[in-house]
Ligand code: URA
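The chain that follows stands alone, in the form predicted alone, written as structure tokens.
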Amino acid sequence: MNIQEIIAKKRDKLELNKEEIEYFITNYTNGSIADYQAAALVMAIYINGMSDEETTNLTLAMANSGDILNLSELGTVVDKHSTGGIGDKVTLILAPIIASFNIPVAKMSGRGLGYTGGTIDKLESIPGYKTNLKIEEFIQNVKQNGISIIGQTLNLAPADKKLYALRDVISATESIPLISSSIMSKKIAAGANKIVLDVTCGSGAFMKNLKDAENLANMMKKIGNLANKKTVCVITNMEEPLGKAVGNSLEVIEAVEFLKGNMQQDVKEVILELGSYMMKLANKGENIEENKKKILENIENGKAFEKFKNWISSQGGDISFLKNTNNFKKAKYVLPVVAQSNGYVASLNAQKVGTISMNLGAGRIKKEDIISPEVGIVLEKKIGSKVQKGEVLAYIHANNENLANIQAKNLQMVYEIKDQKPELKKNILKVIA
């Protein structure tokens, strides 16, 4: 067996067997297969696709290319993963809610590369919060508090890291077999028994339309089930940013407000849907609508926020910032973005909002870029909102006055205002359970 034969086979639209896929992953990970050979195979996969069996074998080979986290001593662990979006603070809110039902939350999250910071960047905007716990501390925290979220300290799915970088530079990112195997290999390696996937769809997501989002969701569900990981996919709307805040500490503040009962409607719908399926998978309630009521009860009675404080405190975070969010460091300049006409917000392209946020310093263009936690955007008006000329649409939070003025003008152009109220999309587009 050699890589040239494997490339030729996939070039000729033939199916690769399990041994050929494992040979490729093992030898690409250890450096025996060169980048240019891997690039040729990846492009052949991108053009010719993969069968369900091939995609599953690729996923498992990538998952087994590094460490596999064993969480069996914690019982049933349900992981939640999002395919990415703008203003996505869901994990910050959902993790303590789920833990408040005595469902263990043991999660490794990444940093963001692109429009906004990842979950770890957001958590690190809370002074003192430690993301680099040893695995033993991580497991112990979950046993004691029911919850811990740390950075990726283990060598999880190293083949995926190499392939992900390669796909990016050869323009082979938008392939359902490659996207689904990338996501699911990390989820399998991270040790959860069951998985709920938030598959975002729209301008701020990988999948721009519902058909592609459904295809991706169906593939990931198949992989999960074949890997003996019960998987549910919830397709959510990412045509505009989720919630009001886009930016790291700004999103933490919105998460705190949510757990105190001040909920943005779109965030609320996503949290209730994902959370209810996580509860169902953890055998904490078969009825989705009843589970939603239970989640709202644990927010109203303060259990979820109490769990949030315990979690942050146990990892060194200063909970005075959660008790009073005014303690968070503020951006030097906060500029209003003002409506230029009367009407309704007809569109608010999530990807463009994300780009503005990244340019303010809330995200990374390069891996080594340093994020400014306090900068970003707070949206006061979203799609469907009625606006009057001169009314504030949003606020730009920036540390540079000139940059703030430039990005305020850019954001003003992203807001499309029309005379007629638009037809609103649902926040939950489809559930594949």
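This one's a predicted model, so the numbers in the text were calculated from it and none came from an experiment. One rule holds for the numbers: they count along the sequence shown, beginning at 1. By rigid core we mean the largest C-alpha set that fits within 1.5 Å across both forms.
Form predicted in complex with this ligand: not shown, discussed below.
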**Message:** Test of understanding: in the predicted complex, would F206 fall inside 4.5 Å of this ligand by heavy atoms?
**Reply:** yes
**Message:** Although the partner isn't part of this model, could you tell me whether I179 comes within 4.5 Å of this ligand in the predicted complex, counting any heavy atom of the residue?
**Reply:** yes
**Message:** Does any part of S109 reach within 4.5 Å of this ligand in the predicted complex? Heavy atoms only, please.
**Reply:** no
**4.5 angstroms heavy atom contact with this ligand in the predicted complex for Y344** = no
**Request:** Identify which of K186, K221, K194, K280 has a heavy atom within 4.5 Å of this ligand in the predicted complex; exactly one of them does.
**Result:** K186
**Asked** Of these, K80, K244, K307, R167, which has a heavy atom no more than 4.5 Å from this ligand in the predicted complex?
**Response** R167
**Request:** Using a 4.5 Å heavy atom cut-off, indicate which stretch of 326-334, 284-292, 80-88, 307-315 touches this ligand in the predicted complex.
**Result:** 80-88
**Message:** Once the core is aligned, does A172 move its Cα by at least 2 Å between the shown form and the other one?
**Reply:** yes
